[in-house]
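Let's start with one chain on its own, the form predicted alone, as structure tokens.
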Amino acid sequence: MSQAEPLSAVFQRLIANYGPISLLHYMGESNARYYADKDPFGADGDFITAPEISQMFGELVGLWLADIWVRAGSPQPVHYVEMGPGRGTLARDALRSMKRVGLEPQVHFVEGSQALRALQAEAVPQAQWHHDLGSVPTDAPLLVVGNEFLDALPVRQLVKTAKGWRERMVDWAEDRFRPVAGEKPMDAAVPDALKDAPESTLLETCPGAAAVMHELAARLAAQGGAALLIDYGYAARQTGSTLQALRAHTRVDPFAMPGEADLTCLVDFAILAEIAAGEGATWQGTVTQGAFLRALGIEMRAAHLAAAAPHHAETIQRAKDRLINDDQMGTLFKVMGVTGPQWPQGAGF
């Protein structure tokens, strides 16, 4: 497959030859193509993330990690690991605030995109890069951050039909991609509580997020450390499709242009908490981003920054509001804390 060939053409050929493809396949290939060779962040990109809105976000994440590290006895050496570090902005801000309290960890980035690795190297030159957590060192505690990392991992959707549960597939018909129910029974993959759900009930599962949490929690249980996972998602189990696509800061049809828009789904933090506990790690809690940042003192930090730079005061207040207000990122985004079993309770949970 040449990089120049549009992904829609590849999918159409695949469907013509072999029938509908799974939504998991469609979303996985689309995001792999989308992230492969571009910087999608910021005003000129397709979306903006919390670290790009204000330095306060990364600073407070860094202070949270530094605080829990100090209360765990300041172990040395220690590894800072960021999954999907974007442009490296969060890491740069977090490492700066960690350094103030004497925490200077070795830095590891889990990143597949060459374009983003180049930007990350400018922001954090001392970083080492990994394709997944597997090659991150096992010799010391881990301080892990994943901000808007899990939401881009492909999901499997199951839908209740008149014949029972089926996987949601993607077909090509009438000149467009459209979701359809597959032929193969999937009842065995559905939790008992939902087996008898009404027709048209839709269930999302994310095998990639589950796999990441299994590995991360097992590592924290074995090595010690703490992780913050920050993403838009839900803390109690729910049903329904959460698939959406963003292009140039605007929601678009997820089936309209595969590989050219960012496909995401809400993160199921409830199942991730169960997985973490099952691997022997401690689930610290899942709270809203607004509550978490308020508990860490973002309002005081904003006031301090505004007093130091009065000509930027309005911008600073706007950024703070965007991060914590209920009608912006404050409620939709959740923060989940996971630690090794011997580590203390983190602030804000």
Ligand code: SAH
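Sequential numbering from 1, following the sequence displayed. Note that this is a predicted model, so its numbers are computed, not measured.
What comes next is about the form predicted together with the named molecule, which is not displayed.
Contact annotation for residue 261: none of its heavy atoms lies within 4.5 Å of the named molecule in the model of the complex. Proximity of residue 51 to the named molecule in the model of the complex: non-hydrogen atoms within 4.5 Å are present. In the model of the complex, none of the heavy atoms of residue 273 sits within 4.5 Å of a heavy atom of the named molecule. Though the partner is left out of this view, residue 35 does reach within 4.5 Å of the named molecule in the model of the complex, counting heavy atoms only. Out of the listed residues 149, 165, 177, 269, 149 is the one that sits within 4.5 Å of the named molecule in the model of the complex by at least one heavy atom. Only one of the listed residues (113, 97, 157, 242) places a non-hydrogen atom within 4.5 angstroms of the named molecule in the model of the complex, and that residue is 113.
Looking at 233-241, 190-198, 76-84, 249-257, the stretch with residues near the named molecule in the model of the complex, meaning non-hydrogen atoms within 4.5 angstroms, turns out to be 76-84.
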